[in-house]
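Next up: just one chain, as structure tokens, the form predicted on its own.
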Amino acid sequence: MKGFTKLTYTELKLQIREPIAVFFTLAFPVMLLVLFGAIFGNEADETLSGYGRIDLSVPGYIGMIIGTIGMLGIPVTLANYRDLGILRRLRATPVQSGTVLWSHVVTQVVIAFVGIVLLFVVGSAFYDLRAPDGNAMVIPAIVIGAFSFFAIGFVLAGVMPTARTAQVVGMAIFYPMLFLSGAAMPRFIMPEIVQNISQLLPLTHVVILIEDLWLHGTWNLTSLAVVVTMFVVGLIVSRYTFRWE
């Protein structure tokens, strides 16, 4: 337990010292919220079922945080550690692979939590953001969505030969999902054909899962099934793809 605590604390410090990672995980979603809030405001709109545009956008921004960590943060970090021989040195210690992996999971959960709290605080303070109708049930939905993408991130970290490759592949997978899933902009403004295509993307289902609980207080069972399946498959595959060197 002491080794796990020490590793987690060290990982948190290292993550905070990475300005690019901090910007895209914590600052960028808040910047989008402020930008679109300044342009469109958050006035209740009857054409949007009485919600404001910021109300509809925040669940997507939470999905953006989750996707950024899962597709870019975890794969690049672990692949870089392997390139630098850090994982090989850890292997020579009594530390188990599970301890290393869970220290990364906890670190990224903390970072995601900070990013989500920042969104909620800024949205509430400046744009009268509505509290989730699903109340506390939004939290397990966010956790499930985060763990599913984290599991996929560990798979990418294991199969990518270098940190640079992990970054390129992660970006190639993540950015189309970011703009088509409703994470960067609400899906209701997209053409119907694009909305239909977006149903094939994993991040879309994370956004829908959070969105339905946030706005309506209901579980979307289809999206829940997709997200849980992602988590289970990613967890199983990552056990076989993890490499120390």
Partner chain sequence: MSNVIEVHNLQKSYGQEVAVGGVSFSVQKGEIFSVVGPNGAGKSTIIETIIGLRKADGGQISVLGLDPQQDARELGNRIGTQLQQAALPDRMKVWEALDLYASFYERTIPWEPLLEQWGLGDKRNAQFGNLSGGQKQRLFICLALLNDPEIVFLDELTTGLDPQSRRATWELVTAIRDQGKTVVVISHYMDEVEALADRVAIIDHGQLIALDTPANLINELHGETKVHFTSSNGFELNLLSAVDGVTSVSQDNNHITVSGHGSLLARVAAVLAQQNVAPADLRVEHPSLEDVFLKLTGKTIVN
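Positions refer to the first chain, counted from 1. What you see is a predicted model, and the numbers here were worked out from it, not measured in a lab.
If you look for the form predicted in complex with the partner chain, you will not find it shown, but the lines that follow are about it.
Here is the short version: of 173, 163, 118, 90, the single residue with a heavy atom within 4.5 Å of the partner chain in the model of the complex is 90. In short, of 148-156, 120-128, 106-114, 78-86 it is 78-86 that has heavy atoms within 4.5 Å of the partner chain in the model of the complex. Although the partner is absent here, residue 222 is not a contact residue: none of its heavy atoms lies within 4.5 angstroms of the partner chain in the model of the complex. In the model of the complex, the partner chain sits within 4.5 Å of a heavy atom belonging to residue 10. Contact annotation for residue 6: at least one heavy atom lies within 4.5 Å of the partner chain in the model of the complex. None of the heavy atoms of residue 228 is located within 4.5 Å of the partner chain in the model of the complex. Heavy atoms closer than or equal to 4.5 Å to the partner chain in the model of the complex belong, across 11-28, to the residues 13, 14, 17, 18, 19, ordered by sequence position.
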